[in-house]
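In the form predicted alone, a lone chain appears below as C-alpha cells.
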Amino acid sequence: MREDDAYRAAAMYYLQDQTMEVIAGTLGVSRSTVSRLIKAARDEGIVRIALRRPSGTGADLGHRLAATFGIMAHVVPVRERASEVQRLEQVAMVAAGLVTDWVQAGMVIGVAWGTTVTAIARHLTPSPARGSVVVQLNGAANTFAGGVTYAGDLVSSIATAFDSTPHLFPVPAFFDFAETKEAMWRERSIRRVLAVQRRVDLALFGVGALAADVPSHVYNAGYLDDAEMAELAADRVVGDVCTVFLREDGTYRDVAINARATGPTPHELRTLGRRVCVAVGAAKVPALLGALRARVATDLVTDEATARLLLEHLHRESVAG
C-alpha cells in the first residue's frame, strides 16, 4: 500500500468531503481498500485530527472562570428553556455526585443550610465514609423558631448519606445584639462546635441573593425584618454566603449586621480546605461575583447560563470601567 495512495484517499475524504464510493471509483479500488488507505493515513501521521472546542460551551466557560478567579469551575450543561427550578435540580445532581466523590473517611464536612444545599442533599447517594463528621456552619433559629428543625434535618440527612456524626450549631442565624454573640462564643458548648468548624476539610454552601426566582431561605423565612432588609439595600449588599452579607465587590467587614451573624466570614472560610460553592440563576450573578471576589470558593458548580451571565457581567464592567 503506497503512501501516495493513502494521501490521495485521505485528501479526497477529509478535504474534498468525497464518499467512499467516489474515492474507490477514482482510485480504481474497492471500498474496503479505501477504508484501509484512510486508516493508514491516520496511523502514519499523514492525517492529524484536531478538535476545536466551541466557545460558550460548559468546558470553555469553566476554563474562563477558572482563569479569572483561580478556582475549579464545574459548569453543567442544561437545556436553554429549562426553568430555574429545573436548572437547580440538574446542577444539584452534579454537585451531589462531585461531593460524594470528594468525601473520604475521617473527613469533617461543613454544611451551610439553604435552598441550594437542600437540593443537593436530595441527590446524595449513600456512601459511608468511616469516621467522618458533618457540622452545621451557621445558626438557623429565627424569631419564628422555624429554622432549627429545617437546618437540623438538612445536616442529619447529609450525615446519614455518609454515615457520619452530625454536629448541630444551636444558635440563631442572627443575634439581636453583637454583645450577645460575643458572650455566646465564650460558652464551652458553642466553642466545641466552633472548634469542629475550624477543622472542616470540605465546606458546602450556596449563595443567597436578595431577589431570586428560587428564593434564598434567609430572605423569605422570617430571618430579617423590613428595616434590616432596607439597611442591607442601603449598604449595597447583594447577597450572602453562610448568612454573612457581602457587596458585589466582595467587601463585607463593615456591613453592620455581620457583627450579629453566626456563619463563618469569607476570611474564616478561606482557612478551610476544599470550599464548594453551588449557585444557579441570573438573580444570583451579583452575589456570586461578590462571593468569588471575596475568594470564598475553591470549587464552583453552576450551569452554563449562569456562567455565561457572570462572564458577560464582568465584561460590561471592564468596558464601563
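Worth saying up front: this structure is predicted, and the values here are computed from it rather than measured. The numbering used is simple: start at 1 and walk along the sequence shown. Between two forms, the rigid core is defined as the largest C-alpha subset superposing within 1.5 Å.
The same protein has a further form, the form predicted in complex with the DNA, not shown here; the description that follows concerns it.
- Of the candidate stretches 270-278, 254-262, 23-31, 288-296, only 23-31 has residues with heavy atoms within 4.5 Å of the DNA in the predicted complex.
- Across the proposed site, W102, H123 and T125 without exception lack any heavy atom within 4.5 Å of the DNA in the predicted complex.
- Within this chain, T19 lines the site of the DNA in the predicted complex, having a heavy atom no more than 4.5 Å away.
- The DNA is not drawn, but in the predicted complex it has no heavy atom within 4.5 Å of H63.
- Although the partner is absent from this view, T68 stays clear of the DNA in the predicted complex, with no non-hydrogen atom inside 4.5 angstroms.
- Shown in the overlay between this form and the one not shown, fitted on the rigid core, is a CA shift at L311 smaller than 2 Å.
- Fitting the two forms on the rigid core leaves the C-alpha of A259 displaced by under 2 angstroms between this form and the one not shown.
- Annotation: Cα of G28 displaced by at least 2 Å between this form and the one not shown, core superposition.
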